[in-house]
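Shown next as structure tokens: one chain only, the form predicted on its own.
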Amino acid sequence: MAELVVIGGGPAGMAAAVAAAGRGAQVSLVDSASRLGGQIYRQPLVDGEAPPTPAGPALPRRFRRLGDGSVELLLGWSVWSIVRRSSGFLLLLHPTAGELRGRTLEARAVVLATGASELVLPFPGWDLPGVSTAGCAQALLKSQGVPVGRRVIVAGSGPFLLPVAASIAESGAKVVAVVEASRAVAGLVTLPRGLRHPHKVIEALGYVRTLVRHRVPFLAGRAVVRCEGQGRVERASVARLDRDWLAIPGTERSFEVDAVCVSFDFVPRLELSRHLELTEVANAARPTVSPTHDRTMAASLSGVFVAGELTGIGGAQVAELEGHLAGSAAATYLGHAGEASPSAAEHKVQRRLARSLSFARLMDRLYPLRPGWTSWPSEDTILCRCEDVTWGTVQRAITAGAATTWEVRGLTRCGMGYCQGRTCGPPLQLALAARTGAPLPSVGDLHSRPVATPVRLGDVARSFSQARSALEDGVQGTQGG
């Protein structure tokens, strides 16, 4: 049995593992990727094959101790279920590649640093080959040094568009435009508050300088409302939006492209959190829910700690600071005191985290999601790509009385495919709230899944006896509590 299992190899998970191991805890880190780093520090797939620019930064020095053997690294493994036991937790794992069999892992405590999925709002042609998420384009560059296309539009809303567009431009591809749905005037209103975060402003200005150098137009208050092409995307139509993101008639402009990258923020990955039935708090303005936690990142269930994008979308710096706190608190929970008096250092991390979180909240206000996007899809626009469920089918289900995401799912199969609602679930939640007038949290979501990731039936069968024993033990423990 491991003392502590950290799930996730991004900034939050790595920081948690380093902090806990530094306190003397026995730590195992599990991640589905073959290398550490997550999205922000994604490494080349094969050493030396991808160029240093734009492949992304090397793993920071503070994380390199993870390769010295002080932390057990279980890379290339996904956790498809986690169960509470009287002695701790049982994790069910399966390999993401190769012919290895599934395995189980026991732990006295866990840190959930499972990250987030990208939010995309559907429009006609968003399912054409060549249309991808902005995160996909960034991952392709960092892991293989390959731009997503030769003529690219980067569109959506949020600060993530800038680094993606800058990296694509630096790769040699032509960025036709950056299309931002929010209006630039909002940035002028919040600029004084933004200047309280000089490092973030300097970082943003660096991206802007890159885009100016490559003569990339920045189109604010606009959106890609349609993509067209024979067999793949060839043209993207960009329309001016009103304050609510309704496309203004007569303002469309067509761009010739071979790739369109779209992102409207991120949504926490809640599957494993839901397995443990952690207490949650909902965001009233975004289709996001996060586990509650205290100042040490301890969740509502004893022995569980949370960090990173799972707790709310805040960026790499927030994730790393939360990971440090979670790892330190987990080590303390396990009985490892570490330094004689770590409180001063922990208070410093808390102060840095508070400043970083204030910037994240500023970004939330600067880039709101507006309901007018629901006018972009046509009747035959695909909403659920796995099950080919159209926008019209979903709208008819809502008209027939479906008031929650699960009711729409049952009537239409939306969210029943391979991705289990990770892509279509958040826009479905937004559409339901906009159409019915109900508060966003009240329409539900599609994050609850008994199997967190796709897994081979053979792995399920081989783990069944241990999983059943753990479930029985967990139920007894819960009843006893």
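Start at 1 with the first residue shown and count on from there. Since the structure is predicted, the reported quantities are computational estimates derived from the model, not experimental observations.
Keep in mind that the form predicted together with a small molecule is not shown, yet the notes after this line are about it.
Picking from 32-40, 411-419, 436-444, 65-73, which part of the chain touches the small molecule in the model of the complex when contact means heavy atoms within 4.5 Å?
One stretch meets the cut-off, namely 32-40.
Ser254, Trp376 and Gln395: each with a heavy atom within 4.5 Å of the small molecule in the model of the complex?
Looking in the model of the complex, the three residues Ser254, Trp376 and Gln395 all stay beyond 4.5 Å of the small molecule (heavy atoms).
Just to be sure I understand the contacts: of Leu325, Leu272, Cys384, Ile153, which is the one whose heavy atoms reach within 4.5 angstroms of the small molecule in the model of the complex?
Only one listed residue qualifies here, and that residue is Leu272.
Check each of Ala116, Leu162, Val238, Val83 and return the one that places a heavy atom within 4.5 angstroms of the small molecule in the model of the complex.
Spelling it out, the residue with a heavy atom inside the cut-off is Ala116.
May I ask you to check whether Phe89 falls inside a 4.5 Å heavy atom distance of the small molecule in the model of the complex?
Close contact is absent here: in the model of the complex, Phe89 is far from the small molecule, nothing within 4.5 Å, heavy atoms only.
Gly221 versus the small molecule, in the model of the complex: is there a non-hydrogen atom within 4.5 Å?
Residue-level check for Gly221: no, no contact with the small molecule.
Can you work out whether Pro95 and the small molecule are in contact in the model of the complex, taking contact to mean some heavy atom pair no more than 4.5 Å apart?
Flag for Pro95 set to no.
Is the gap between Ala319 and the small molecule in the model of the complex 4.5 Å or less for some heavy atom pair?
Ala319: contacts the small molecule in the model of the complex.
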